[in-house]
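Starting off, we have a lone chain in the form predicted on its own, written out as structure tokens.
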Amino acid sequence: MGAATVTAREATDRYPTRTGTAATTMPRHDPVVYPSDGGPLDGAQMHAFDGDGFLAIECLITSAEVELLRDEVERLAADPGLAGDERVIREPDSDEVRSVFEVHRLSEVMARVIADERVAGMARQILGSDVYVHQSRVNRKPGFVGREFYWHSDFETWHAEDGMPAARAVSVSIALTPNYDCNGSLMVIPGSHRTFVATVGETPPDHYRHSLRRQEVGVPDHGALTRLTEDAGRIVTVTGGAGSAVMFDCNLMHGSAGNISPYPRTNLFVVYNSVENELVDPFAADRPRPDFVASRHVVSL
């Protein structure tokens, strides 16, 4: 398949956002788990993902793979050839590397893991179709200075700024260092993936240049976050050793606190989108984000 040619005006916008003066919520219109021919997950894991919107997996990859990937992260972060590259995102208040995008094209080691059946197979099983990489990156939270990622639904951004029509994508975050409850690990609101939160505020031109460092447009208000948390009755901090992983639905409300501990936190992060959910024109932005943030080239894994 080639790049999408359907415009947002021709597509039906079932998740209008960034259009009003007050945040609104609506029930999710898409399934969470689609019929499939099976895969790495058992029935209990599929049920848990459907209900909670996330699934933690211990020991998804080996210690040897973790070591190779960790070396690749440091190589990319220190590569002088990438010093001025847009794919390298730095902390808003320092020169520390926060994220490196499009790692499946920058590193063969990372590309092999991203395409591995243990990882991509889970996405195919949940989404009930072939998948492609919508986005890949490594996220680093250095000790003492790693900044927070505020609460957000990835799908709200991908729908508004990338033109993702349906909530039919999943993310997998693989821990390359231990993820403790004190070093800025992922926090999720279980069950929040079943509610779409439409946010307030127009998308500024080239918003990605700012939002990848600190997101302010496209984040939910305090009232919506409070209601989602009260409905869930809890917030879960997902911890695990190096080599563990968490897979979560694209509409799950999540975030992470800053890292003021001495322990650095580094994760490999990949988004798998269904090949049946090709991007169209953005629903709430003047033009699509760059390909390294949201790939418009549908190549099945």
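The structure presented is a predicted model; accordingly, all values stated were derived computationally and were not measured. Residue positions are given as counts along the sequence shown, with the first one as 1.
Form predicted together with another copy of the chain: not shown, discussed below.
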**Prompt:** From the list P27, G38, P262, G43, which entry has a heavy atom within 4.5 Å of another copy of the chain in the model of the complex?
**Reply:** P262
**Interface residue in the model of the complex among F196, W151, F101, Y132, criterion: non-hydrogen atom within 4.5 angstroms of another copy of the chain** = W151
**Message:** Among the candidate stretches 270-278, 248-256, 65-73, 49-57, which one is within 4.5 Å of another copy of the chain in the model of the complex when only heavy atoms are counted?
**Reply:** 248-256
**Prompt:** With the partner left out of view, is T226 within 4.5 angstroms of another copy of the chain in the model of the complex by any non-hydrogen atom?
**Reply:** yes
**Prompt:** Taking heavy atoms and a 4.5 Å cut-off, does E108 contact another copy of the chain in the model of the complex?
**Reply:** no
**Asked** Is D181 close enough to touch another copy of the chain in the model of the complex, meaning at least one heavy atom pair within 4.5 Å?
**Response** yes
**Asked** Heavy atoms within 4.5 Å of another copy of the chain in the model of the complex: does V33 have any?
**Response** no
**Request:** Scan 184-199 and write down, in order along the chain, each residue with a heavy atom lying within 4.5 Å of another copy of the chain in the model of the complex.
**Result:** M187
